[in-house]
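As a starting point, one isolated chain is supplied in structure tokens, in the form predicted on its own.
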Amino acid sequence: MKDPMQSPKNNTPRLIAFAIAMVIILLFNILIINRLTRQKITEVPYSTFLQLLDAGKVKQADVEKEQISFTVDQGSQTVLFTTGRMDDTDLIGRMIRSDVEFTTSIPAQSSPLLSFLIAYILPLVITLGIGALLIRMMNRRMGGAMSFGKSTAKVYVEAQTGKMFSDVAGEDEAKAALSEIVDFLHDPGKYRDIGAKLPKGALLVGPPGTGKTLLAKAVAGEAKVPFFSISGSEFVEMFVGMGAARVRDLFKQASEKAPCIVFIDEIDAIGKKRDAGSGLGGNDEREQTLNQLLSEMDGFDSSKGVVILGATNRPESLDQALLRPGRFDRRIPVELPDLAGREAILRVHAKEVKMEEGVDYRAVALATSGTSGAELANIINEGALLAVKEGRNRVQQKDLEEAVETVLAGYQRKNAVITPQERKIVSYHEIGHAIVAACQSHSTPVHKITIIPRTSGALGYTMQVDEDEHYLMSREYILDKITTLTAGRAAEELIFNQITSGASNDIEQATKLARTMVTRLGMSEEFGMTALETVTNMYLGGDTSLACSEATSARIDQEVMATIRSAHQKAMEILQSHEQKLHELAAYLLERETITGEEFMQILNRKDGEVAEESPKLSDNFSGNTTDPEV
């Protein structure tokens, strides 16, 4: 809570009281103390002073610039006199001969040059110094606006980026496309002989965390040329024309250090599409900056070896003039890594961490489908942190297992207080997912089931694993996936005859899949191969908008609801036919809290009355890639 004494409103009475006290002290000093200490002063001519001095009556004197104050003994009291000061060169000698105690405050005669310096030059220097300090403070506060168009690009000379292609894994296609630029910078002669020209620019596009900036640094490291790195937002200033001036300065520096590479990160900050309604305010500054960038990319000679690399995760927002050949000649996708790419990325990051022998990176890669290189690096780091917490100096397979679950579903909430009834509902819910998934022919196998709460809000989840990575999804696969998602709610209805909020995430995923089938994938019998929805910002999660009439939109909603309703009915029928196994597995999960896919399948496939084998321990091999969290 903020201290009320610190507010300006409460400080005002204290300041007023302080001012009143100061005024009272000053008045007391003037009226009382000065009156008590004041002596009667008598002014006399200078001749009288000399007479008293020669007579030996002057006891003490104070020689000032304009006057002389001296005291004379008159009987039992001392009288203070004052007289004007004359130009008397023998005055000091007279007072010495008369044994007078005297002081003088006459300043030494200064030279004319020193007087001129003090009177004119010193104030000028002080004024200029204060002005420079104010400009520097304004420059800091305005983010460099007073630097008058100087580029703020970071320059890495030669191979000081410290990155090579060997440091980049999982992006073989992008490295192959960029290696030609490196080869040209190494040996431009063989390209000139045939008449080929170096591409002026290459645009790296892809989701966040896939390594676009790392690739640009690796190109500079491989080519061993200077590397200019700047963000697109650093060109945008509050003063019109400053961004364009910085673009000119950047290309001027690049031409002086050619061959070199200029990397503009988040280029969409200045490269957005121009339109007729953006000519006011800050947009005018952005357009001038973009126009200057376009003219600079047209103006410099590509034979000098100046290559422009841009990076963005919003390529659809860029101006078409920026994307035409002759400016950004190449568009290089930097997509999320595939299975082999994820395994390679994990191995690269694991080089910097002490790992146990025999760690299965492929299993971790299977568990992390759809993750970026940055997330994979975070998984390795989380595994190392878990090993340190447990007092070990090497990362084991189980550390990576837990790290994957931490990244996908959050940390375990070990101290979460959940009532026995809620734990029972969650147990049946998760087993419902698992049984329906296991009983369908196109579903992904179950790898792990747990009812341990996570910080993401999940009270439990079912992790499914595919034995390999697939790039195509059939209609049957998606319908089975929707059926599996609805199985948790179906289990609650079947056993408890009630529904809870635990299926909220399942409902959201099922609705999204069903709508995608109808509007984008052409998997609806009613609409067929018709695109009814457009997607923008695909690298940032994707924003969708319907491209149809309101009447068609209503029919789409009916189709989506019918698909989910049919899947829910199918899940209910499967669970009714396996109700005994549902009870048995739910009780087993409630006791163990976490079971593996192997344990689950053993119990599910065990015939009634068959003696149960010793339950296997948790598997040391980890190969899960999909979670169904329950919120």
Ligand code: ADP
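Numbering starts at 1 and follows the sequence shown. As the structure is a prediction and not an experimental result, all values here were calculated from the model.
Below, we turn to the form predicted together with the ligand, even though it does not appear here.
In summary, among the residues Pro226, Pro207, Pro199, Pro315, the only one with a non-hydrogen atom within 4.5 Å of the ligand in the predicted complex is Pro207. Scanning Ala169, Val307, Ala437, Ala490 against the ligand in the predicted complex with a 4.5 Å heavy atom cut-off leaves one residue, Ala169. Shown alone, this chain has one stretch from 211 to 219, 445 to 453, 290 to 298, 547 to 555 that lies within 4.5 Å of the ligand in the predicted complex by heavy atoms: 211 to 219. Using a 4.5 Å heavy atom cutoff, none of Leu53, Ile92 and Met95 lies near the ligand in the predicted complex. Using a 4.5 angstroms threshold between heavy atoms, His349 counts as touching the ligand in the predicted complex. A residue is said to contact a partner when one of its heavy atoms sits within 4.5 Å of a partner heavy atom; Gly373 meets this definition for the ligand in the predicted complex.
When contacts are judged by a 4.5 Å heavy atom cut-off, Ala244 does not count as touching the ligand in the predicted complex. Contact check for Ile345: a non-hydrogen atom falls within 4.5 Å of the ligand in the predicted complex.
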